[in-house]
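As structure tokens, one chain now follows by itself in the form predicted alone.
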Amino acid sequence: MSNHRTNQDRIVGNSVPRKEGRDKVTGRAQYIDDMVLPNMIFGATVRSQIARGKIKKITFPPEINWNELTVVSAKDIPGKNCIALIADDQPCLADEIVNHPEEPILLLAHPDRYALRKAVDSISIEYDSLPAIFTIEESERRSQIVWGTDNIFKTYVIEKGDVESVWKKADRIVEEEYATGAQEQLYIENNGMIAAWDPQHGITVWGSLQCPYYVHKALMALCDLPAEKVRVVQMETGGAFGGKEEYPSMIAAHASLLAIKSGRPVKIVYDRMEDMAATTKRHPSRTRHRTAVSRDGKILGGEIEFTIDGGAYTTLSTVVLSRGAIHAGGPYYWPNVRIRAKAVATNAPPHGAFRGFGAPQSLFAMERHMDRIAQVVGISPIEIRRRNFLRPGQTTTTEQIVHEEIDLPQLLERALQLADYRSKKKSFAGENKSGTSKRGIGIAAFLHGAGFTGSGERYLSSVVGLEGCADGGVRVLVSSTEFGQGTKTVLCQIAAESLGVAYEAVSIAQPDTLEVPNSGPTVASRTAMVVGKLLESAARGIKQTLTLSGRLHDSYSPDEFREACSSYVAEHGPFRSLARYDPPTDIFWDDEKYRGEAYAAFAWAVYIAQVTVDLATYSATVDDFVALQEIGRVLHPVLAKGQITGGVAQGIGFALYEKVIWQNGRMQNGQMTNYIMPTSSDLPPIRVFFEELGNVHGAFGAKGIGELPMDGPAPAIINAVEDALGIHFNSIPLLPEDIFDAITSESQLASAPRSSGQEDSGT
């Protein structure tokens, strides 16, 4: 067989077995809490009980034998007291000042977990409390400055055309405000880390994490160590969704400080309550739209104000804000637009990365607003979208020309047919005239950029490698991590297809900063597209080495490759081919003006949700869901469908179930008994469909897929609820009590006398 495969032989595009699947289902997979090192002790964190204040006094009660414990404070930090990331403003341990509940103040370690817990609970901390702020609006008023000089972490302005010229031309001006709440990632496996210290070799940490080189960077600064004396190893990781992007640097730092001071390996594994209360969540948001439209529903221009609550420290708020701002205009053509975006500080635990990275927040507002515009103009939600869709040759809000041959009206039409939208819409209208429940159907159209924004990939300058092995197989060398989404499988597929070898002949190295190059973080839907494309380049290097040695010819079978590779290794030893990211020459981004090619490629989607609202319980349930997306090329059909199904499920939770209850900056429902998320029995049939246009910037035509399905469910569902009830809802999560209040208010309004001059406030 030649290395030019037939469709039946191809590895890419087929659902090959998962690389880590057998170990997971048989129990051989080792997670961080399975790992035990000789002489290991356990670590724990003493946290702030107030939102903001000065530490006056720490009392260690005499009934505890403190000689048995290792105690670490900020004064024990050998390097810089910060979690190095972007702004380096978040301390590893609070020193004099605390800025949010759950902020780490002290670290303790002990060989016995129960004695450790008793010691943590016994410590008493006295504070001089300072005024705190807890909402976006309080932060904007600046009655208290809790960060910098103005409580603002970051601002962006995106401007296109002449916005001021559109208001006089408009037949309608539609204004609304939309809000989304915090959301907990709720991964299956809690955060955990083990650290071991050796004065000669430095610090080694093993953990449940997404981004080994983020942790590596943070530990270098914290411990004042050179790169070669910091080693980070990812263990099997049970889910992440962004929640293990930046936060593991904090827990790794804590374990490392305890290991250095005690001279023993230290394990820290959070229980569920600590994990939910102390770690990052999705940023709450507020979006204000003011849109000028023509009589026939065409967008003439508008202003969008997108604001997110960053919590007490910057973490990744700047990049979450960036993606949210760029996606705020949705998949529509805006001739004139001004998008103002800002991230503000509050005295809550810092918010951080979560699947979708700001886009679910701003796209919720955009898609709800499109339905609002349709109401004001008097046309259907379908038609308002069709008339405003981006088309090839037009430009996005950042003036990026759409080069892809995407046909969004056709994508919309296919989704409508798959959902049987028109007949259901007609049927529901008749059924809803009576009965104890109301049914509705709603749509959302959206896009999601794949890879890092703008010049992000250029700055990362990622490197990937392939290694020829003694048995004639090859090993993938990347820092991209597996946490349930299928990274190992898809990257091995790409390598096998690129080399013309059997899938079984490709293995993948455990992410270990001593073993693998920095191929960038496993975030932003970049793994298959960006890292996978680099693997294609590395594969060419492997083939070139074997061809130049005379062992391989232009056409070869998998067996011939294996023989050539093993022969070469026998003579020269294992050999590697490295590929570094080389930015496309036609991709340009202006960081100052925030203009240009924001992403090398976009994925596009239309989602349709069917809901029932029970008028006895005031609960909304999703009965059917159609998810249609164009994602370039489907590399692994089963994994791709799984990504969409999981994202839709998470989006349903975002829309209807998952509400974080805050009190003075502290999460009050940090348990799985009172933080309500949808179970499998709460989910509808999720019908997943793909379009494939291909993508020159991605491996075998792939685009990003992991974040995309988080963007569309919430607006589609809330649009469907409005269709059922005829009541406008502007914020999520939408709980039964919210529906009850709205129906009650609507009934009271309907029964009240109405003045003859009253007009629609949306116009």
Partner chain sequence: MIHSSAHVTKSEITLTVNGESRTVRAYPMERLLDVLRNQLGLTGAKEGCGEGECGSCSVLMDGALVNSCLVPVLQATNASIFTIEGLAEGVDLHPAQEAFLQCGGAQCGICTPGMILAAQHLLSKNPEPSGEDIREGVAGNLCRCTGYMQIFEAVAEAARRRNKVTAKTT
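In this text the structure is predicted, and so the values were computed from the model without any measurement. Residue numbers count along the first chain shown, from 1.
From this point on, the text means the form predicted in complex with the partner chain, which you will not see here.
J.: Counting only non-hydrogen atoms, choose the one of 596 to 604, 444 to 452, 361 to 369, 187 to 195 that falls within 4.5 Å of the partner chain in the predicted complex.
T.: Heavy atoms within 4.5 Å of the partner chain in the predicted complex occur in 187 to 195.
J.: At 4.5 Å between heavy atoms, is residue 306 in contact with the partner chain in the predicted complex?
T.: Output for residue 306 is no: heavy atoms all beyond 4.5 Å of the partner chain.
J.: Within 4.5 Å, heavy atoms only: does residue 26 come near the partner chain in the predicted complex?
T.: The answer is yes: residue 26 has a heavy atom within 4.5 Å of the partner chain.
J.: Taking 4.5 angstroms as the cut-off for heavy atoms, does residue 483 touch the partner chain in the predicted complex?
T.: Residue 483: contacts the partner chain in the predicted complex.
J.: Could you tell me if residue 113 has a non-hydrogen atom within 4.5 Å of the partner chain in the predicted complex?
T.: So residue 113 counts as contacting the partner chain.
J.: Would you mind picking the one in 204, 650, 180, 280 that has a heavy atom within 4.5 Å of the partner chain in the predicted complex?
T.: Of the listed residues, the single hit is 650.
J.: Since exactly one of 152, 638, 569, 97 fits, which has a heavy atom within 4.5 Å of the partner chain in the predicted complex?
T.: Of 152, 638, 569, 97, the residue with a heavy atom within 4.5 Å of the partner chain in the predicted complex is 638.
J.: Sequence order please: the residues of 21 to 36 with a heavy atom within 4.5 Å of the partner chain in the predicted complex.
T.: In sequence order, 21, 22, 24, 25, 26, 27, 29, 30, 31, 33, 34 come within 4.5 Å of the partner.
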